[in-house]
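Before any questions on how it binds or moves, here is one chain, the form predicted on its own, in structure tokens.
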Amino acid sequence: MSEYDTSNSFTSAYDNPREDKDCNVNDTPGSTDSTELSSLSTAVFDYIPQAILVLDRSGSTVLVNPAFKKRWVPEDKSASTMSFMDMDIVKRLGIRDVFMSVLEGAICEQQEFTYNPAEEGKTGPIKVYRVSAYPIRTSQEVSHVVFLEEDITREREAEDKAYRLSFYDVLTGLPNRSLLLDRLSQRLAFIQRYPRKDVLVLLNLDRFKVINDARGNQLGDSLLTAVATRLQSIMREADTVARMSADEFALLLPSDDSNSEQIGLTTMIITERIRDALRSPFLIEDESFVVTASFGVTLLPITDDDTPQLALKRADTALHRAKDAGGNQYAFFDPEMGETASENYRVERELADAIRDGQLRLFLQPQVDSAGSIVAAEALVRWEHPSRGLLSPAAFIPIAEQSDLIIEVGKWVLTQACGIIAGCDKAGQMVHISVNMSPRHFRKTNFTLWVKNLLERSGAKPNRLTLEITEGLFIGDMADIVAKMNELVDLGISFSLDDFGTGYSSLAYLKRLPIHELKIDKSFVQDAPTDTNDAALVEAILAVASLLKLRVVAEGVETHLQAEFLNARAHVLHQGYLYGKPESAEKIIERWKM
């Protein structure tokens, strides 16, 4: 027998059984002679279903069994003529380094190693294998290593099935309560290191028991499965949708934010999206069903020692509150957060209507020189609410900035400003207006084209327009931002950097961006005459502006002392209540003529 191969010696041991078929209780294993044991060992080696490979210390093939040859050695080759590294077991699995490290480990450390799993199945069902290495010792060292490859597909399938039964709902395929608790624990541990707030929502279908009792469990199960599918389809990839009990689901909504108000608003938007999705009829067994749901919402964590169980209890308390109120609504465990979220959501929906229905009003605040003459004005927006009266930007702009509504507001303001510039120009009056641009608006791919088209439609001269930006704009693709700014500068538009001095890297931006004007934040201006630190900051900003030949606008000028402080140090435009509050565009334009 070749040292690289084995012959089928099974017949030599068992083709000639004894004629006496009776068992002799006195026969013992020790009565088997060495030849018979050798044949028996060969037979076992030949017929064992696991693939066996024996390598020497150098990694050369010494011995393989038929199971190994059948699985890994091509039919047109012999194991005795092949290098181990040429065999399909290495090539197909791409585990040469793994095998060598296992081999070296078995030799050097003289212990068993396992590589689990090795997988194949490119053209059929995936089969999973466990490859183990066992060192063979001669005297004090390892002389050979035996590799044993076992098919553990069924074992793995059984493990996977057991895992799914433990952590997934059988009916819907969603994570179950156990898996949700595990993910809640992971999130709470993560939040301890990276502070933020997540949201947990319990969702219970209204009147599901009535449907289930009237139409039967089979239809009820089909409806629950359809609801689960629809919930999954509208949630984010990072969210967890779990089935807690018969008609109760849980939603774990991870967040990168720690602002409770913002998170509350986002949660309300998500729950409204779910409610809208559930309003679309479910067609079950040719019958249409419309489903409503109640929601209980809580933040987590609310304390340093918050737990998944406590979070679920809070959400359940809020859910019962929603149910007791009649269902088909949501309730927050933290009433204050719920009230704020409800108010923000209401404002957002009403603002969308306000833009469409023409409820916005353009106001201007003058910017004057040292003599008090109007040189320019900043465009500001007000909302003429049908029931709440005239609202300042503080009542709705922060909410608009959390969605694309800020883009619509920005479009409206810029359109109105361009209309005023063009109208005054026709009347022989030259006005210059500054308009705030949201980073969200500026990042739109068609922003510059839209501005060009607006200027052409309105007839406004670009050199009468300044766009105010903040450092928030520069978080992202700086190359794209600079390209857009330069494109608009080429038209004649100028740029102003608002709230200068409050950021951490404004000087770096001044080097790279086509900025024409700096606006000193009012927090520095108001105390500059009396606070040496603020005075030093203002003087530094004025020095930078002078060196870079930039215009300067000081915001929040409310006293003569502040104005005198600024005028004594540089040519500065003043914007503040000392020279005029924001008023309707018509009034400021009329005053501008004087």
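One-based numbering along the sequence shown. Bear in mind that the values here come from a model prediction, so they are computed numbers and not experimental data.
One more form of this protein exists, namely the form predicted together with a small molecule; it is left out here, but the text below deals with it.
Comment: the small molecule is not present in this chain, but in the model of the complex one of I263, L253, L223, L380 has a heavy atom within 4.5 Å of it, namely L380. Between the small molecule and the residues N436, N176, N204, N344, the one pair within 4.5 Å by heavy atoms in the model of the complex involves N436.
Taking non-hydrogen atoms only, K522 approaches the small molecule to within 4.5 angstroms in the model of the complex. Among heavy atoms of Q365, some come within 4.5 Å of the small molecule in the model of the complex. The closest non-hydrogen atom of V431 lies beyond 4.5 Å of the small molecule in the model of the complex. Among heavy atoms of G59, none comes within 4.5 Å of the small molecule in the model of the complex.
Listed stretches are 565-573, 39-47, 62-70, 549-557; the contact stretch with the small molecule in the model of the complex is 549-557, by a heavy atom cutoff of 4.5 Å.
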